[in-house]
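What follows is a single chain, given as structure tokens, in the form predicted on its own.
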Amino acid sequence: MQHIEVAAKTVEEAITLAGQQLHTTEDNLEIEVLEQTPGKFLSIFSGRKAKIRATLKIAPIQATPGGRTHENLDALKILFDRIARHIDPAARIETATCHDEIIFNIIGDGSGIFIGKKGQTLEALQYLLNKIRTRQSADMPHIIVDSEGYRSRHIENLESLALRLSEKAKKKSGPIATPPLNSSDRRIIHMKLKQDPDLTTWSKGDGSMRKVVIAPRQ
């Protein structure tokens, strides 16, 4: 399972931060308190922080008519496991769900071999799996490929960018464009802002120069 360690002034704050970093709610986390603070008063003088380990639970996948979602997911995981083992014989795949998407997390040797330069290897693997997914079952959720927490950090950075640009668009009362992004990154921007009733987003440009435009809703 995907897990992170977080330190904060209190356990409650650490849990909140963990939820933000893993893009989920406390209900979907298993929390292990690694270090407790000595109390609000004493913590002022000790400088100690609470520390937790948050693990993303594996949520159940909703079955499609005919009950083939689990079968297709298992088959895809087996295939991806074989691909990963060709790169690193000791690698293994763990699965979870988050925001109606399936996460295939590659557990490797920590060398970053599955990440590649600026995440290009992860992007290639994710593109390949989603191509296979759409051929197997159109109803299977979108797949995210991660390794060593790279994708989680990358998503967090993109969502922060989306929020910053959305505030600029509101203050300007006009459209603001992101830098050129690949299709996966553009999707993250769209998903982050789609719940904001005051904003609308769309993609603009060609090929590698496509951007996301964020604008106040008219």
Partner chain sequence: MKDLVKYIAQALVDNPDAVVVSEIEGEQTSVIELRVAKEDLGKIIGKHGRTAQSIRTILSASSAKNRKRAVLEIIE
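Being a predicted model, the structure only gives us computed values, none of them experimental. Numbering follows the first chain given and starts at 1.
FYI, the form predicted together with its partner chain isn't displayed, but the following is about it.
In the model of the complex, its partner chain lies farther than 4.5 Å from every heavy atom of Asp74. Put simply, Asp100 is far from its partner chain in the model of the complex: not one heavy atom of it is within 4.5 Å.
Interface residue remark: Thr121 is counted as part of the site for its partner chain in the model of the complex, having a heavy atom within 4.5 Å. At the 4.5 Å threshold, heavy atoms of Leu125 reach its partner chain in the model of the complex. Remark: none of the three candidate residues (Asp146, Arg187 and Leu193) comes within 4.5 Å of its partner chain in the model of the complex, counting heavy atoms only. Residues of 73-88 that come within 4.5 Å of its partner chain in the model of the complex, judged by any heavy atom, are Leu79, Arg82, Ile83, His86, Ile87, Asp88 in sequence order.
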